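This text opens with one protein chain seen in two forms, each one given by itself as structure tokens under the names structure 1 and structure 2.
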Structure 1
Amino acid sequence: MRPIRVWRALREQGVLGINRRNSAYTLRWNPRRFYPNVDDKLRTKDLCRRAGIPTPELLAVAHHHFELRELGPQLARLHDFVLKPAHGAMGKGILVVRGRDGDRFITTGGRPLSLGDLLYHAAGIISGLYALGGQPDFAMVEERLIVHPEMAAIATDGVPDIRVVVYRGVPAMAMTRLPTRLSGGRANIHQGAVAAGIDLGSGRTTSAIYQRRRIREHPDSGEPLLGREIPGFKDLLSIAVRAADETGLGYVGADLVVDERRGPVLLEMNARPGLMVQLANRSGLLPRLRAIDLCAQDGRSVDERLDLGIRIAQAAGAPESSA
């Protein structure tokens, strides 16, 4: 198909491109002064804590290299945890430890690491190796969330997450990102995770893509991917909307996990959410964003905005649960 035909087809389907996302949504609805609320995961966590929004427990933090002396004994007492940068993006620099074998820490991928290896990784984080713009960063240690039993069958060596795009306080679209062997247990599409679109009304998966091709089963386990109900999905949407309200931003992505013990938990927020959610849902964002613009949001409760997002998504139509 010629480029002009491809462009015309995408426009007719209401697909949001990166240039329009940046000019019409990110720049217009996300004031720069509020970016630190989401770019700094420690600040996001503090905002959520004060608002009563569940996030992973913070176990330790190192702001400077000299604090690594204190971080070492703290890590040595832990059995499982997540070591991550406070200003990271796209899952870079995140190290998940799932257990111990004597004095060795075992990652989700099965790699054994010494305490010195962990501190070396933390030093790289502090130096800005994984930070946006390469600026000095903080090393965070959080509790490791455990995959919910209902989602364990469709994930490999990792915890699936749910991305909800929230526009002007209304949920517009959602997908779940499922770890694979190729992704190394990470819920990162660019590293090889599966992306599955979610119907906002039912909370069930409707379509799935892997390596930019449509699939019906998980590439590792062969488990069916379509028609899967995301546990606690209504609560997930509510948390995403409440967290978006706290950031002061109008166009954000909220990343959440359903933990087997705690239920829905907010991981982080993103002021520049990617556009892969449209491929996962086989649906363009623009019709939903335009419909939200037509409805006044002032004074609407969280529940009212959830209902509005569901109605708009249903009016936009959803793909059949087939690949």
Structure 2
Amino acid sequence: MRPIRVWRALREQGVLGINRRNSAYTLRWNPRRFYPNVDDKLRTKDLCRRAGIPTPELLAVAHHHFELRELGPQLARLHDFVLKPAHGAMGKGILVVRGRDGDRFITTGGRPLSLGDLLYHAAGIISGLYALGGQPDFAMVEERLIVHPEMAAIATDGVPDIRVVVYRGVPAMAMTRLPTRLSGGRANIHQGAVAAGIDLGSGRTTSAIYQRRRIREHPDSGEPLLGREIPGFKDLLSIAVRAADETGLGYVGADLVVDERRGPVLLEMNARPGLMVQLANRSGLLPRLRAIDLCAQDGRSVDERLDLGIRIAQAAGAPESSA
């Protein structure tokens, strides 16, 4: 590796580095006071619900240990659901119940749990076991999303999600993260999930990487990964943009899942989205962010901004055809 040559290549293709992301984008466009809007999932959900943005439906919440007594009967009435911490990060403390077997709750891993087990887990969440800072946390129970079959076909035992980077209300770039056997069903690229770039205009995947290598087929199933259409992608973009508007953050990553029945649903927002999206798309963010800076004005409608994002994406980093 010749550093100077790489440096020039990155500059020419406008790859965004960490230093510039921090100083020119997150520090500049994400005021600290808006962070709670994305760090607390209940708050994000609340903001979204008021704005009519689809999120997994909230079925129950327990803020304090004494509320667990009411949580018991509520859970007993449910068939499938997700129990998770409001302040969790990196998927910690999330329990997905996929169905019932009499009194037992069956998790996606196939483990049968009793109601007592679930309440114990909820107690752990409230105690701050999964909140990174150890601050008081809430246990929330929400609707279980069921992955759209077209997405499920290109993922192994897990929920693939779609990350959209939204800058000043304009979608800039998107990718989907597909769990693999190596990643243990988690949509985490560092742990071995596949990342596939998405063309904003067509909603189709354009290129994919797995373990730093470019690939064309899913490493587990051999399913082709390029040119796959994300169902309801146009809606998905508009949800991401509207959610970004609600949070007040100027440079965010929106994580969405495409549900079988409901279509695109917002899972969470991220105030410091990573830079991996550039590798997945084989395209730098900077040309797009700069173009958005040139064109962005307040008061544009969501549709106008979607069009702007698509036009900029197509002009800036027209991804190479994947023939």
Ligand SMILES: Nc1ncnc2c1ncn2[C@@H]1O[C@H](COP(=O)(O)OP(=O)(O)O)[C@@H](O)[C@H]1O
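The structure displayed is predicted, hence computed values, not measured ones. Residue indices: 1-based, along structure 1. C-alpha atoms forming the largest set that superposes within 1.5 Å between two forms make up the rigid core.
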Look at both copies of the chain and name the one that is the form predicted on its own. 1
Any CA movement of 2 Å or more for Ala122 between structure 1 and structure 2, core superposed? yes
On a rigid core superposition, would Arg216 pass a 2 Å threshold for CA movement between structure 1 and structure 2? no
2 Å or more on the CA of Gly72 between structure 1 and structure 2, with the rigid core superposed, yes or no? yes
Rigid core superposed, I'd like the Cα shift of Leu59 between structure 1 and structure 2 in Å. 3.0
